[in-house]
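Single chain ahead, written as structure tokens, the form predicted on its own.
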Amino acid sequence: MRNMRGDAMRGLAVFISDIRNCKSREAELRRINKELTNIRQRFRADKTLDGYQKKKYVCKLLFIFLLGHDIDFGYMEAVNLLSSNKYTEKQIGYLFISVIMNSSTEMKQLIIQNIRNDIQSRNPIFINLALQCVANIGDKEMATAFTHEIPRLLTSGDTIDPVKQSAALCLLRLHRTSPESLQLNTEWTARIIHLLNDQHLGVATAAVSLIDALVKRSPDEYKGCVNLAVSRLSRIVTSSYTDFQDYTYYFVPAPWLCVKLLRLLQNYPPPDDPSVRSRLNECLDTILNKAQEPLKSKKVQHSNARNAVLFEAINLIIHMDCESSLLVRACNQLGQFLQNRETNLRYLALESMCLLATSEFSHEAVKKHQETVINALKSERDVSVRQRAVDLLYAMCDRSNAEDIVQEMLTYLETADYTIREEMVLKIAILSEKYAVDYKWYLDIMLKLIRIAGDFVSEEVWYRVIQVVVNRSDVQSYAAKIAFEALQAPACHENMIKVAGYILGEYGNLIALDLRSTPMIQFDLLHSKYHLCSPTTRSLLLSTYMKFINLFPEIKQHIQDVLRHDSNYRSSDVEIQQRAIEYLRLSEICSPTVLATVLEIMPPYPEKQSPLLVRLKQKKPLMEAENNSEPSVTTTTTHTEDVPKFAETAIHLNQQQQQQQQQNGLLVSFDTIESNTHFGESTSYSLPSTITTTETTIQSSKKFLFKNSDIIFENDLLQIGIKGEATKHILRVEFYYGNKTNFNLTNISTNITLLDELESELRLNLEPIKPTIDPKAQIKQSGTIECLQEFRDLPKINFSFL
């Protein structure tokens, strides 16, 4: 605030002093209430208050508001101050309006009109006050009201530089708060871009911030800014700091403008014009050269400013990813920072090198710093720097150094911070599979990983171990051997028991001839861990025992005794009890041939994207960019229920999505990345007029022994799913009909036929179905099925369409 004679407002100073001298909260409240009463009376009774008195009382109200008390009057007096021709009175009015904005429509219209009057005035001080108020409020009404005035003010040739700065920053604020309400005409695009060449660096700096925000919304409209940005950057970088006396910060010319220009250029690919690209490369080369020069000052501000420009230049080099010499030079420069005593520099260097490691031009240069990064992992005090070191080791890993990096990460995992252990487990699992030449080495690493950090091994990790073993017959015998050996440890983690239980249940026969791992020894070893496990793991082990009955008939009686034991047969856990009863009954009534069919070995899993990569991206989105440039690890997906019920070994690539689909009423994923109500792309087919489920329905019905929802029919045109929930003898059912084509299915009709005795055994009540299914969409039909008596036949569903 300007120091003007007569504007000291002694009454305000006295009031503030009284408040500060209050000894208690009650005394302060009494003083405030007394002052509010006095101000209210003066506003009501004295209609001849001059500007000075209004300003004084409005300031008191503002101070009271800032103390945390509500203010419900004085708005009109503050608006009246906006009409004053005195700077101090207008300033207080704008300050009050900016801090305490009344939501009254009439009041807001008065404020907008006063702001418009000041913006259209010739007084630059009043214009700046108005622009600051608009930016401080920054709501939808302000953006709509001044969507034309402020751009016009910004691009006008008559506007002075300080006002242009304020106008650019005001537009930026409105764009951030109400982008949908701020409609900029295309006629202003070229004028706004041209502000990059403004002689006043303050205007250029404000304009870069505005253009950077606008580019993110309309990149094609503002692509002309690239050439001007490169030109402006070149003039700054190649000049001496003495050429920018007013904008030199500790011997660094215009560092904020340089950073903003470099950041703006990262919104576009490398320039197509050879001359522009050459000029940009020259700028980046000059910045790297200056980083090698001795410091011109020992003050931290100088190094901070210089490094800010350097790191932003390196980010642009990484973004362009086309100049191998620049990438290698950037990597070497960052390598020097890895041993810098400044923690922030080490952190930023590791972060930037993670991105450099994904480039084919600089990957080898990054690998040269492997030992330095490993030493940082061991000796760094700051946990965030150690985490970045782990990220960099993960990014620089390839087939040539995978064993060394995985071993170092395993060693560090034993003492790593708990906050990063789960992420490290995922990365070790991914790297050990991705670069495994010998899958025996992979299994050794994974079992060691589970032993070291079992509590941080997510289900996706040990699921993946199972998938690899099932899909690779050459390591199944070795997997059974090391799993059996791992179980012999005095302290065995529960995840290790799960892995060993599954592997021995499938491939225990491959090591049964060894006297040290006979069938009975395998069973006794597994069962010795049984009572220490959670109900989920016990359920899996019961399935393993059932598999043993098929693999080793000689211990069948012993396993049946375990199943009959009260701890299983009468368990309080429903899942354990159900498995014990069903498995016992299955082993008693089924012949060896039937058992061999039911309990046959698991088939190979289909290959899909690794769930570990999906999990890692969910935990750390930054790693997504790193993984995009590398070949993905293939993986497999299983069904979630099997016979026997190895539910714990099932894996779904996106369980969260599946749960969300079930909450939304959907049965299954359609293997697309689109919304839950749409399918992926498919080609056009000629449509039959009717589809009838016959054998497909009969086969699908067996699935409902273990689940309450599934697909009962699917072809290239249509997918039909069902979801049911039973309450006593009534089944609430929902049918889902999905259109997999690119055109409408019309004249939809469904009919569930009850043949012969079914008419007296079941009662159907289904709501009408919509006559049309949109392309890539699905519709739902709800209803109930009431069971009147036991039935053996199945209903028949007829579905017709055009």
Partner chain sequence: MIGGVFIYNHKGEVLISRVYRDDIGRNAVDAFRVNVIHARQQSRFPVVNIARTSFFYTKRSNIWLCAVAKQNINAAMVFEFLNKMIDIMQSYFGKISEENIKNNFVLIYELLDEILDFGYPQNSDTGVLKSFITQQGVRPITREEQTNVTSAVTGQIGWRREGIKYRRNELFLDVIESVNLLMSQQGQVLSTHVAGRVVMKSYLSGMPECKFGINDKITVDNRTKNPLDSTNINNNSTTNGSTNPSTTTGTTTTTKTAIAIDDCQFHQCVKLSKFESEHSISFIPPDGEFELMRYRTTKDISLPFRVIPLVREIGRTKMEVKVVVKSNFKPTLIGQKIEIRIPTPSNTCDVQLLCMKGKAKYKSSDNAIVWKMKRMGGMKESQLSAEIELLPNDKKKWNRPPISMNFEVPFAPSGFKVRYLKVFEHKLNYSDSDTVKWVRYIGKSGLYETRS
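Remember, it's a predicted structure, so these values are computed and weren't measured experimentally. Numbering follows the first chain given and starts at 1.
Not on display, but discussed next: the form predicted in complex with the partner chain.
Contact annotation for Y412: none of its heavy atoms lies within 4.5 Å of the partner chain in the model of the complex. Residue contact with the partner chain in the model of the complex: S17 places no heavy atom within 4.5 Å of it.
In the model of the complex, at least one heavy atom of K23 sits within 4.5 Å of a heavy atom of the partner chain. Residue contact with the partner chain in the model of the complex: D72 places a heavy atom within 4.5 Å of it. Proximity to the partner chain in the model of the complex, taken as a non-hydrogen atom within 4.5 angstroms, holds for one residue of N742, N747, N751, T37, which is T37. Proximity to the partner chain in the model of the complex, defined as a heavy atom within 4.5 Å, singles out one entry of N765, N33, T772, S760, which is N33. Stretch-level contact analysis of 52-60, 37-45, 730-738, 772-780 against the partner chain in the model of the complex, using heavy atoms and a 4.5 Å limit, identifies 37-45.
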